[in-house]
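So here's one chain in two forms, each on its own in C-alpha cells, numbered structure 1 and structure 2.
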Structure 1
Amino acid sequence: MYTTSDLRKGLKIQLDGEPYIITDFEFSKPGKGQALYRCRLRNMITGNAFDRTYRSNDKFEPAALEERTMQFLYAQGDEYNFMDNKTFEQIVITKDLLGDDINFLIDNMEVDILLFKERAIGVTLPNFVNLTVTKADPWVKGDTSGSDSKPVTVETGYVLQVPPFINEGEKIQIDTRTGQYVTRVKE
C-alpha cells in the first residue's frame, strides 16, 4: 500500500480496478490545514487524464502490472509488433497506447512491455537510446548569428533540438524520459 508521502511523478497506482500513472505532482501546505497532494493521473488503458487532490492520510493500491522483456520487431500502420524472446509469442500494441514512446523505438530493440491482467498496455523504454541523425542543416564554423541549438531529425522521424555541431549521419544519445539531446556518441 502506498501512502500520500510515496506519491511522485511516474508512480503507478490502481484506482477503481484500473491502472493509473501520475504524470504531474504538486505538494502544498496551506496555513493551518492538512497538506494537499495534487496529482494529474492518466489511465494507462484508455489514456484519459484528470486532476485529483489527496489529503495526507489517503492510501493507494499499487497497480498490478507485470513487466516482460520483449523485442520490438516492426511497425505496420498504427500497430507495433513485439516478440517475447523466450516463448516467441508476439503481441501488438497500438500507436495510441504507446504515445510518445514511438519516437524512440528502433527495430530489434529490447524493451519491457507492461501487462495488466495479461493485456499489453505500454512499454518501459531504457532511459537513454542512441539514434542516428538523418536530417540536419549544415553548420558553418564561426556562424554565431543563430541560436545555440538547431533542429535535427533522427531515424525514427523524431525532431529535437541539438547543439549546432551535430551533423547528418552522426549518432546521438537521447534521454527517453525528457526527449532531449544528451551527448554525441562516438563509435
Structure 2
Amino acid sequence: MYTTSDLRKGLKIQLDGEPYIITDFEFSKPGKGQALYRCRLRNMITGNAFDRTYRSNDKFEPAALEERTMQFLYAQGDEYNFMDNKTFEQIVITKDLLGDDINFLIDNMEVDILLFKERAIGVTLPNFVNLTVTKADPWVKGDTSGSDSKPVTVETGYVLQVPPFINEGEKIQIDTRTGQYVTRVKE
C-alpha cells in the first residue's frame, strides 16, 4: 500500500479496479489546517482525467501493472500478435491501442508491453528503428529546385520526409517518438 507521503507525479495507483497515473500533484495546507494532497489522475486505459483531493490518512493500492518485453510476430487485420520469448505466450493488441506505432513495427521487433491484469494497455517501442525505403524518387544531381527534402515510403507503408540523397532500397533510421528521419544506415 502507498500512503499520502508516497504521492508524487508519475505514481501509478489503482482505484475502483482501474489503473491511474498521477499527472499533476500539489501539496497544500491551510494555516493550522489539515494537509491536503491534490492530484490530477489519468485513467491509464481510457485516458479520462479528473482531480481528487486526498488527506493524510488515505491509503492507496499500487496499480497491478507488469511490463514485459515481447516480440512482434504478425498483423492480421486490426489485430497485432506479439509473443513473450521466454514463456512463448502470445497476446493480441488492437490497432487502436498501437496508434501511430504501427508505422514502425516490423516482424520480430522487440517492444515493451505494459499489462494490467494480463491485458495490454500500453506499448513502448525502441526509440529508434531502421526501416528500408521501398519507394523514392531518384535524386537528380544538380537539382536546382532548392528543396532540401523529399517524401519516401518505407517498408511499413509509412511516408516521411528525408534528405534528397536517400534512394530506394536504402535503410534509414527513424525516431519512433517523433516519426522523423534521423540518419542513413550503412549495412
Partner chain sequence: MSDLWGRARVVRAVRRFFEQRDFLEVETPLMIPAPAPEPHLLPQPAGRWFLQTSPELCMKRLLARGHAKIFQICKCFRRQERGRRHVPEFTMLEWYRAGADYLALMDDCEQLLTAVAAELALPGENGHQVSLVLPWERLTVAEAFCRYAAMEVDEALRRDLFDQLLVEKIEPHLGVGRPTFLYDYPLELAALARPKPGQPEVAERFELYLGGVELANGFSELIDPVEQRRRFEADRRLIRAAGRRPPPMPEPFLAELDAMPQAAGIALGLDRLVMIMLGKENIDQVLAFPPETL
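What you see is a predicted model; the values in this text were computed from it and never measured. Counting starts at 1 and follows the sequence of structure 1. Whichever C-alpha set is largest while still superposing within 1.5 Å between the two forms counts as the rigid core.
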Subject >> Of structures 1 and 2, the one that is the form predicted together with the partner chain >> reply: 2
Original post:
Core-aligned, is the CA shift for Lys12 between the two structures 2 angstroms or more?
Top reply: yes
Subject >> Ile21 C-alpha relocation of at least 2 Å between the two structures, rigid core basis >> reply: yes
Original post:
Core-aligned, is the CA shift for Val133 between the two structures 2 angstroms or more?
Top reply: no
**OP:** Could the core-superposed CA displacement of Arg42 between the two structures be given in angstrom, to one decimal?
**Re:** 7.5
